[in-house]
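In the block that follows, a single chain appears as structure tokens, in the form predicted on its own.
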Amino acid sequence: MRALREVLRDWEAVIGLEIHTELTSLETKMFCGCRISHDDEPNTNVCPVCLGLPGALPVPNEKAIEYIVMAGLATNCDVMKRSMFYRKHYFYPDMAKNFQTTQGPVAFVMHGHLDLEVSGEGADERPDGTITKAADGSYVLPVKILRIHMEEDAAKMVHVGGAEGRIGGARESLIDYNRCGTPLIELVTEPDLRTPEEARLFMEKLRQVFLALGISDCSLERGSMRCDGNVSLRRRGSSEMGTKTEMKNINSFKALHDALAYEICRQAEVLEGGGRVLQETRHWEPSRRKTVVMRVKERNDDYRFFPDPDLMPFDLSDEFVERCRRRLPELPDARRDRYVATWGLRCREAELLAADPQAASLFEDVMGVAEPAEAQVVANVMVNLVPSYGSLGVGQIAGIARLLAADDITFVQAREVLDALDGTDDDPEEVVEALGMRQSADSLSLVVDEVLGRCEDQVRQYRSGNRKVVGYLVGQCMKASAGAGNPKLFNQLLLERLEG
């Protein structure tokens, strides 16, 4: 099978995503008062509505509808004032009533977009100039969103393997209905993505937006956010759509990238061999690093959609939509831009901090006591050091940043200080003094003199005009100090000696 990069020189991949997100921030399910908690004993958070018992009537969760409207507003979607729920029929044990309550042709929110910052590679090959170059030099791809609709999640099925899992020669399957009825929003993109990397970036960005909104924990490991990827191939330069396959229930960014990459290469091999790609649903198996067939893809009429007679159509008022709009927090892109404009952060650190609501909140608390000029150092500490520790106070993080900004300690030493601080109320300054770490010209001069004494050849090169050799000498100083010296001070001391 050819490599992905080679395949994409001859073929264009057309990718669309369906991203399912459980609204785990809610207390109760979509159509009943049962508690949302997947960690309780199996089948303890259930009722006649969850179990689809005859005569049970659903009652919509108003807070869930607020959340989906907020999700739509945050992704530039139009809010549909009138929509309704439908019944999607299928027969499988994870839905006891044999139909899923979902939305029909008109969802609560439709027709939006989310802008991705992408590499400029292949920008000139995109139709209609869909990738544009921003003023800051970055490339932006607006990915169109077809709809975000509301539905209820299915039960969790556990398939027991091994010999002890066989009963009467059949495989044993266990069902936990605690998850059944959990509010689930499904975002469907237009097929605007062209590479597995773009698909991964889109899902990552959507997760950041939903985390900022506070509507879900978006845990891929626990399945509260998962993705279906649709992909087809067409020859470069062709506008005709190929036959698509769908990869179901992908639960990590890496799995999404790898499943799409494999499927693109697999389809290319089939087509180049004179075969025909079948419209089917496939499953990604990470251990085998390949997709396998699950079933032939169903058509919409197989589901026998019709309006749910137990649920009235929804007419969302302007006041309701405006209330949802007022609840929108600062979103990651706006927060990143504010960090760059207000504190002069580099885009990389600003983006990483803005993407995580907890990290962003802690950063702003630290900046409440730190000097504005120390902002970039605080960001470096937050991104590169703090995640490795469990319990650090705002003042401790600000103190470490202050010591680094003053060149009193190095990043290597900062880790040692944080090791001592973690889980305590100790002051970073006192820890540095107690460990004798504070950098000074006197303490580093001995190292500089030793290095210059044994690097006479490099000294001659410098004095003959080779200024680049200073980098080598700084490296020798760092090596001699076992990484504990400050490279900036070493550089300063070396220049003083070499120019003297």
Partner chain sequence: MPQDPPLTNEDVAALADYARIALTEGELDEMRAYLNEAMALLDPILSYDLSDVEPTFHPVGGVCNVARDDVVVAGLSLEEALASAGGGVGRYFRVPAIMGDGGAS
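Positions refer to the first chain, counted from 1. Keep in mind the model is a prediction, meaning the values are calculated, not measured.
The following text describes the form predicted in complex with the partner chain, which does not appear among the structures shown.
K.L.:
Would D315 sit within 4.5 Å of the partner chain in the model of the complex, counting heavy atoms only?
P.N.:
Judged by the heavy-atom cut-off of 4.5 Å, D315 is in contact with the partner chain in the model of the complex.
K.L.:
Just checking whether Y177 would be counted as a contact of the partner chain in the model of the complex - the rule being heavy atoms within 4.5 angstroms.
P.N.:
Heavy-atom contact with the partner chain at 4.5 Å: present for Y177.
K.L.:
Applying a 4.5 Å heavy atom distance criterion, does G137 contact the partner chain in the model of the complex?
P.N.:
Close contact is absent here: in the model of the complex, G137 is far from the partner chain, nothing within 4.5 Å, heavy atoms only.
K.L.:
Although the partner isn't part of this model, could you tell me whether F411 comes within 4.5 Å of the partner chain in the model of the complex, counting any heavy atom of the residue?
P.N.:
The answer is no: F411 has no heavy atom within 4.5 Å of the partner chain.
K.L.:
What is the one choice in R200, R266, K248, R194 with a heavy atom within 4.5 Å of the partner chain in the model of the complex?
P.N.:
So the residue touching the partner chain in the model of the complex, by this definition, is K248.
K.L.:
Sort through R338, R346, R171, H111 and report the residue having a heavy atom within 4.5 Å of the partner chain in the model of the complex.
P.N.:
The residue from R338, R346, R171, H111 that makes the contact is R171.
K.L.:
Among 462-470, 446-454, 36-44, 430-438, which stretch has residues with heavy atoms no more than 4.5 Å from the partner chain in the model of the complex?
P.N.:
In the other structure, the partner sits against 36-44.
K.L.:
In sequence order, which positions of 255-293 have a non-hydrogen atom within 4.5 Å of the partner chain in the model of the complex?
P.N.:
Heavy-atom contacts within 4.5 Å come from no residue here.
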